[in-house]
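Quick setup: one chain, the form predicted alone, written in structure tokens, and binding and motion questions come after.
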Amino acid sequence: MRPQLSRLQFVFLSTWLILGTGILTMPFAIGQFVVRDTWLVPFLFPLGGVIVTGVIVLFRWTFPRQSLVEGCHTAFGPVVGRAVSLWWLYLMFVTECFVLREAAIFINTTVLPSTPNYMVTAIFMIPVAYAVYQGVEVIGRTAEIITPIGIGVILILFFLAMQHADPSYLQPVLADGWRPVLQGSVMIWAYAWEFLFVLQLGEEGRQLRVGKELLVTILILTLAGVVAELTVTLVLGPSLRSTIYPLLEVVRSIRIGDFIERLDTFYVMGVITTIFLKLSLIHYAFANGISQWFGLRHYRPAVWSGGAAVWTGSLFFIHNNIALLNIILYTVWGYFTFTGMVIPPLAVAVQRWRRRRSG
């Protein structure tokens, strides 16, 4: 029997699959389109989230207990199916490279400015690969331990930052209309497509009601987004657009008396931990997909070799912070939307057509 994820573990991992890096980059990305009304953007997240959830549920109904790679091979056959699923493997690989480099740039910016990128990415990738090698249950249990602590610390930091809040930064509401808000919502819809990685959980998630759990996750993410965007806008105001890590600047603003400051240390530790969870889940999906594509009996042979490939790709694909931000603003949405709207629905349509034809 293959390891299983509990429903609570799945919700926690799905949450950090979006917030792991979203807590870093989403406020900045949204702030490039809208400033005063950023808190309205998360309310539009459920629209994209429900669409993605619908695609995932439809695929799992059609291919029960199969991953996306296995489903493509079942629907399209061994040859065409491998060609289609190769794009999915490529997307997982590029996304993992992107997340790893994002973590390295954040660590270089905050705590290790003199350490080379290749060293930071290697040091970060080794425990990720080790956790994946131990199994998905280990990742799930780690999420169970970290999530309550992380949420508690973040909420306390946000509350303390409210001493610098200025309600005038929120006014006038919708002075520029809905267009900037809708433009900002495109970014969070791109992040919603990261839910697709749960499609690589086949037997591991057979006891899950994925649709229900993802809807719960969407509600959690919407609430978290509203709280985060309100905090950022109330504290930073118009300067939000010129800050790469807005939430980090919010936490750095906290001063209690003359002796309690630099609480951003807790924020940095929390972000690194949540990125670890996100990267671990993606790497598990990537290693699992490689093993299924090559017909291996187990995913473990692909863990360390796949980790080495991701480490190399993170250094060559993304050269600096500017390239990272350009990918977030202009590229990510197209990659994920094309993949999510084409590959799973096409596999479902072909499989149902084949069933009707044979039956």
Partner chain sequence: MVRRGRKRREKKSRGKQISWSAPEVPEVSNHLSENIDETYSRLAEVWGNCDDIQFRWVQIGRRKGFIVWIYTLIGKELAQEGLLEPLTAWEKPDVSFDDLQRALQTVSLKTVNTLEEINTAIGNGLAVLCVDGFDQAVAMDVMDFRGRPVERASLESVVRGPQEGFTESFETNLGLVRRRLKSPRVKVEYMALGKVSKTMVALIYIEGIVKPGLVEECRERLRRINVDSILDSEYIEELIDDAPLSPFPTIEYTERPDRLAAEALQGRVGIIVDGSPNALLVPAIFVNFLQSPEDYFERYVMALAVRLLRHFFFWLALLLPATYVALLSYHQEMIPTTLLITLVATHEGIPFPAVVEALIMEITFEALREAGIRLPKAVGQSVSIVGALVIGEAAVNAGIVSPAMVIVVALTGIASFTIPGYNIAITLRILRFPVMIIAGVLGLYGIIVALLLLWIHLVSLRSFGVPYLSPIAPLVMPDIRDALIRPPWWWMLRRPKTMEPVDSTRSADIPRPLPGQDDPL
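Everything numeric here is computed off the predicted structure, so don't read it as measured data. Residue numbers count along the first chain shown, from 1.
From this point on, the text means the form predicted together with the partner chain, which you will not see here.
Not displayed here, the partner chain is approached by E144 to within 4.5 Å at the level of heavy atoms in the predicted complex.
Interface residue remark: W87 is not counted as part of the site for the partner chain in the predicted complex, having no heavy atom within 4.5 Å. Within 4.5 Å of any heavy atom of the partner chain in the predicted complex lies no heavy atom of L170. When contacts are judged by a 4.5 Å heavy atom cut-off, G77 does not count as touching the partner chain in the predicted complex. For the candidate set S239, T109, Q163, T265, a heavy atom within 4.5 Å of the partner chain in the predicted complex is found for exactly one residue, namely T265. Between the partner chain and the residues W189, F158, F93, F124, the one pair within 4.5 Å by heavy atoms in the predicted complex involves F124. Every member of the trio T115, V138 and I272 reaches the partner chain in the predicted complex with some non-hydrogen atom inside 4.5 Å. Residue heavy atoms within 4.5 Å of the partner chain in the predicted complex occur in exactly one stretch of 227-235, 208-216, 69-77, 273-281, and that stretch is 273-281.
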